[in-house]
Each structure stands twice: as structure tokens, then as C-alpha cells.
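We begin with a single chain expressed as C-alpha cells, specifically the form predicted alone.
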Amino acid sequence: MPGNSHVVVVGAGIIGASLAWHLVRAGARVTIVEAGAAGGVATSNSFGWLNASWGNPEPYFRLRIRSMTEWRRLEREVPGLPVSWSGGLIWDLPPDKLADFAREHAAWGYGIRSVDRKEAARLEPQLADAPEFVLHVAEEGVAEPLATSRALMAAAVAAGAKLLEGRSVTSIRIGTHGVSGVETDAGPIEADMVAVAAGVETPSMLATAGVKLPLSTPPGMLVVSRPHRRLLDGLVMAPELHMRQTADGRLVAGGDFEGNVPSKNIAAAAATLFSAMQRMLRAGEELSLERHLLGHRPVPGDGFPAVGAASGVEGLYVAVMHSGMTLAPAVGRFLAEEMLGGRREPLLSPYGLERFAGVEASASTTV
């Protein structure tokens, strides 16, 4: 498909913003359609951690570490993105598993090292208590989710993309030779290709084109403090919670990354999480809760990204995943290259939609 094709991107979160940026830079005519406002839903409720940590198989680690490099490239292309490379302390696994994790990732070339309690206290002096065995990863960082997504989308629009906010896509239009555009609540939009980056709404969107995608949507909670003097220099990944501090002084903590947020008394659960964060910091009693956020993560059926062409529908593409903040620049670049040039990036080879053939689609949202 030539570079001057008209592409509709459905969704204006971080994945949609990255894809729009890379498509328009490659010469495509791009229209982004977003039911709400730029920034999307899942992105707005993201912790913002840029990393290649956790118990990843090596192919997924390679994609994530490449995307961290792509973030550096994107920062050069779009100056002023609110991204920082502060590094972080990690001890959110039992000591034996933490040691195994460190050995594995170090062997893969990750900049990870073990530190003792004294060194952890030097790196984060406001921690109330750290265990004797901690990992430090200097190359990890944070992208402020909503601000980064909106800044990248603004750059795409400045480069020629068209953003339609407050417009819902009701179906994908199929013509004689494949995709012909989308139908919206304000009328049709013709296009040569459509890319669905709509987070938790992706399965229902694809279903209008007869495409099935299994997706779970586990909830996740964040609590945010009012601005405060600097208490943290980097990320802290402890068993109880993950936390960081924004450039404007707000402390942000995520409490349960397994999707076990209680369905009732969410405000009480937020207060409990905030109290846990206070206890982890020497001056934690000075903090006051500003708000809590409850979002849903789009997680394809096997837990890994779903990126690429939708089988059987010419011109229809998909990009949905958890860890969208980390993966956005790589996925946006690689999928744009695939759509406009027909080249499939080898790092994406395990993550095509064909692996879900014959798997029943689902979209569960449970709070």
C-alpha cells in the first residue's frame, strides 16, 4: 500500500498516538477517531513505567528493551515529551525469585545490579525501610501517561494528521476488496486502511468486521497525592505497591497488579493503599490524598500483545496490549512500516492475531 494511503486510527491513547505519528511521518494521510478526548482511557489510568522487567520470556524482553531504545529516539523527534529515566529499586519478589530474575536479565544484557539496604537508602533516603537484598535498574524510567500521549498526538496533528474527538466508531466498513473505512455516530469515514487501537473496546470493534479477539480487562487502581516536596528520586517496586513521584511533586502508587481490586468500597480500598504508601516513606504522614483512579487494562488472551493484520480482512490492523506505555514507540513504528511497506518486524513475529485462530473471543470488564 503506498505511503499516501488514507488510514483511520481508532483510539487516541498512547498506542494510537504513536501509530498516528509514525504513519503521518511516513507520508500517510491519517485520521484519528476517539470517542472521548485525546489520551484515551487505559492510558489515562496508567502508572507510566517504562521497563523490560518482570518475568518475561526472552523474545518479549527483546521487544521491550528495543522499545525503551525507541523511546529515546522518539524524545529526539518530539522534543519536550514528559519522559524521565530515573531508574528504580525492585524487591517485589521473594528473595530467591528476585535473585533468579536478576541473573536471567543480567545475562540478557539488562543493566540490573543487586544492592544492599545501605545502598538502597543512599539511592532513596526517604524510604522508611528497605530489605537487605534489593535490585537497582538504572535504565528504567517513566512517561507521564496522559501528558505524553497528548503531546505525541499534538505532534502528529502538527505533522498533518486529523484528530476527531468525541466521535464514536460504530462499525468497520467492509467493501469488495476489504476495508473501506469506518462508520461513526456522525457518519462514515472512507479509508484505505483501518488500525484499531481502542484498548478494551477493541474486541467489540473487531467483531463488526467478523474478527474475534480474546481479551481480558483486569482492573487496576492508582492513588495520587497532592503535590509535595521531593520524597522519591526514582521508581520503587515493593511487594505492597509500586510508587513514584511526578515532576510536579505528586506521589503516585499502584497497589494490585493482578487485577484483584475489590468490587465494593473502592474508596476504602484507595484509602488503604494510600496509607500503605505513607508507611513506606519517612515523611509519609505529610502526604494527603488528592484522588484515586480505577482503570482496566486491555490484556489479550495469552497475556502478550496483539499487533498486526487481522486475518481475512484486507486493510484491517490491530494494536492492543497491556504495557502500552513501554511498547508504544516500537509498536507504532513497526506497525506503520508493516501497513505502508509490507515489512513485518521480526520482533513482532510472536504477536500476530493468527495465534488466536479458533479461540473464542471474550471481553470481560469486572470491577
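In this text, all values refer to a predicted model and were calculated from it rather than measured experimentally. Counting begins at 1, following the sequence as shown.
The protein also exists as the form predicted together with a small molecule; that form is not presented, and the subsequent description refers to it.
Distance criterion of 4.5 Å from any heavy atom to the small molecule in the predicted bound form singles out Ala42 from the list Leu63, Val307, Ala42, Val30. Checking Met68, Ala35, Leu340, Val313 against the small molecule in the predicted bound form, a heavy atom within 4.5 Å turns up for just one residue: Ala35. The small molecule is not drawn, but in the predicted bound form it has no heavy atom within 4.5 Å of Arg333.
Interface residue remark: Met321 is counted as part of the site for the small molecule in the predicted bound form, having a heavy atom within 4.5 Å.
Although the partner is absent here, Arg167 is a contact residue: one of its heavy atoms lies within 4.5 angstroms of the small molecule in the predicted bound form. The closest heavy atom approach of Pro203 to the small molecule in the predicted bound form falls outside 4.5 Å. The stretch among 85 to 93, 225 to 233, 273 to 281, 195 to 203 whose residues place heavy atoms within 4.5 Å of the small molecule in the predicted bound form is 195 to 203.
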